[in-house]
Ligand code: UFG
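The data below hold one chain only, encoded as structure tokens and taken in the form predicted on its own.
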């Protein structure tokens, strides 16, 4: 009797190869004839699901978190190919990894890249990520984060690449009922950005059952920090919505003041509380997720955060401490879609993958300040 994964792969192969035929006995396949091309793809998929991971496609690898992860992958001797449209990324940030400029809307490009490169796994960072923009322009976010993601996993399935690490977000939780937030918490996103991340997580779940695609989704909290000595940090040419770069802009005098979006939340000082995790700790979590997929199939979800939350005003105080500069600020209205408190319970990833954060808030801000001053 064939297992469910093999049955699913056979049906998929025949859907793509109408010239083949299938003999079914009591509802289960018992004999199959299919074109050699479909047979080869099926065999490749089975081989990829058990082989050691060496060659990786990193989508969005020229971006902030992706570029730090690419560096760590290269330091550990993985072969890396970066696919990025450079809408927010920096080409120089990919280092010595092979770089392909392109977009997920180009399905022919995706098919060609997967055919030519023969990947063992994919890390998927590429996405639109601004909460307030997602509220104002949800169409962009569904097109980029959902439709683009479907194009990617369809190309993976077609090429027999069955392992994916997905850059998800704590935004899937929305306004949490309990804090810190565990992975079992109810997901009720309060903005289209979080909704599209959750939607793609669900796509991965269904693709696992139907096509044997195994995945790890990392729901990380507020990425921050930099690696200035390696020329890596957030893109300073962009308008930032993340708090720490905005506060540092004010410290440098690039902006006249920092606007605090709301001081009437149900928190100790009325401002939003977030869990800040260093980008290098996030990169390390992605490497551990790859190792997980070498031995375990299925769909896995982990929070990645420190378990310690800081309010907006606490971040501003810490920036003044690190920089030695006063930060002018004003209180503005809440941003649409912003939850009041997002703090991670990361016990699961610490227990199952052995991950733990190495950097505290002071080192996060210091590395960001060093990068900002360059």
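None of the values given here were measured: they were computed from a predicted structure. Numbering follows the first chain given and starts at 1.
This next part talks about the form predicted in complex with the named molecule, which is not shown.
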Q) Of 255 to 263, 150 to 158, 282 to 290, 295 to 303, which is the one stretch near the named molecule in the predicted complex, taking non-hydrogen atoms within 4.5 angstroms as near? A) 255 to 263
Q: Although the named molecule is absent from this view, report whether residue 348 comes within 4.5 Å of it in the predicted complex, heavy atoms only.
A: no
Q: State yes or no: in the predicted complex, is some non-hydrogen atom of residue 94 no more than 4.5 angstroms from a non-hydrogen atom of the named molecule?
A: no
Q) Might residue 308 be said to contact the named molecule in the predicted complex, defining contact as any heavy atom within 4.5 Å? A) no
Q: Look up in the predicted complex whether residue 170 has a non-hydrogen atom within 4.5 angstroms of the named molecule, and give yes or no.
A: yes
Q: Please state whether every one of the three residues 58, 68 and 99 places a non-hydrogen atom within 4.5 angstroms of the named molecule in the predicted complex.
A: no
Q: Could you tell me which one of 205, 242, 74, 140 places a heavy atom within 4.5 Å of the named molecule in the predicted complex?
A: 242
Q.
Give me the residue from 125, 200, 193, 119 that has a heavy atom within 4.5 Å of the named molecule in the predicted complex.
A. 193
Q. If you look in the predicted complex, which residues in 325 to 362 sit within 4.5 Å of the named molecule (heavy atoms)?
A. 335, 338, 342
